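In the form predicted alone, a lone chain appears below as structure tokens.
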């Protein structure tokens, strides 16, 4: 017979950008919670739900049918409770009113940074789960959502490549990646893209033009140029403007601007696609579901052990706890992968 835990009731939230692995994380949480007879409630729309005491009960039955669904059944938002005075006190009251023994926050850098502050300020047991298709949370080799996003981007590149080859046209493929180019690097390499542009690498647009001219002279008239949205060194007009609640500048548009620039300089038809939310959706891969379930179960186990202010990290092939405060900031593409990009592309 299992020893009873002092943990009786926990809250769960999903914040920031969504991905195709979140619902599987929720199912993993409910699987482990049922074993330990822990009640689980899910806050609606991230930190906004905690502030508004807006939630729904979560159970194995509720999450079982959505494991392979993209998005999040809880909804999400980019609400920052530290943006306005007094909101943290509202969270403290709501947590007390709901008699929560702990909280699991699922999200990227911003969501987890808030979670760490809440753990400190309210002395609440909080465990974070890294979830972002950008795969840029520090201290973890993997973030929930990354594998499926790569699958989506590679499929998109493969789909457009044949048409561009048939018409002898180059194509610019814009993917997400504000400060970190993991999607561009891994998807670009996997799809054998000729050019990959990352925020971590210096970028000379004139050099790109010259390399493309050389490729065309050699009769390679169809080239895929994968560019992360946050690449600098090229002045372009954005599709989106403004900032979110965390001060992040809205990015999108470099792909279309780069297309126009190349078309003008090369005097040759060039295509462009901005994959945007296509990267986020779709049925999660089998690997994604397995990893997500594992992340969810591990979070419950850490709370049962009385652990606090920790993040479930995937390091060296296994899940282990790391201080949640270390999730702040951004993890760039590793030097090894950048070296692969340099070696396997034509820039």
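Because the structure is a prediction, the values reported are computed rather than measured. Residue numbers count along the first chain shown, from 1.
Although it is not shown, the form predicted together with a small molecule is what the next lines describe.
Undergrad: Of 151, 117, 78, 259, which residue is found within 4.5 angstroms of the small molecule in the predicted bound form when only non-hydrogen atoms are counted?
TA: None of the others qualify; the residue that does is 78.
Undergrad: Considering 173, 176, 198, 126, which brings a non-hydrogen atom within 4.5 Å of the small molecule in the predicted bound form?
TA: The option sitting close enough to the partner is 176.
Undergrad: Taking the small molecule as it sits in the predicted bound form, is residue 72 in contact with it (heavy atom to heavy atom, 4.5 Å or less)?
TA: Looking in the predicted bound form, residue contacts with the small molecule do not include residue 72, since no heavy atom lies within 4.5 Å.
Undergrad: Determine whether any heavy atom of residue 280 comes within 4.5 Å of a heavy atom of the small molecule in the predicted bound form, and answer yes or no.
TA: It does: once the small molecule is placed as it appears in the predicted bound form, residue 280 has a heavy atom within 4.5 Å of it.
Undergrad: Would you please decide whether residue 193 lies within 4.5 angstroms of the small molecule in the predicted bound form, comparing each non-hydrogen atom pair?
TA: Residue 193 lies outside the contact set for the small molecule.
Undergrad: Applying a 4.5 Å heavy atom distance criterion, does residue 132 contact the small molecule in the predicted bound form?
TA: Contact with the small molecule, yes.
Undergrad: Only one of these stretches, 82 to 90, 155 to 163, 198 to 206, 272 to 280, has heavy atoms within 4.5 Å of the small molecule in the predicted bound form; which one is it?
TA: After filtering at 4.5 Å, what remains is 272 to 280.
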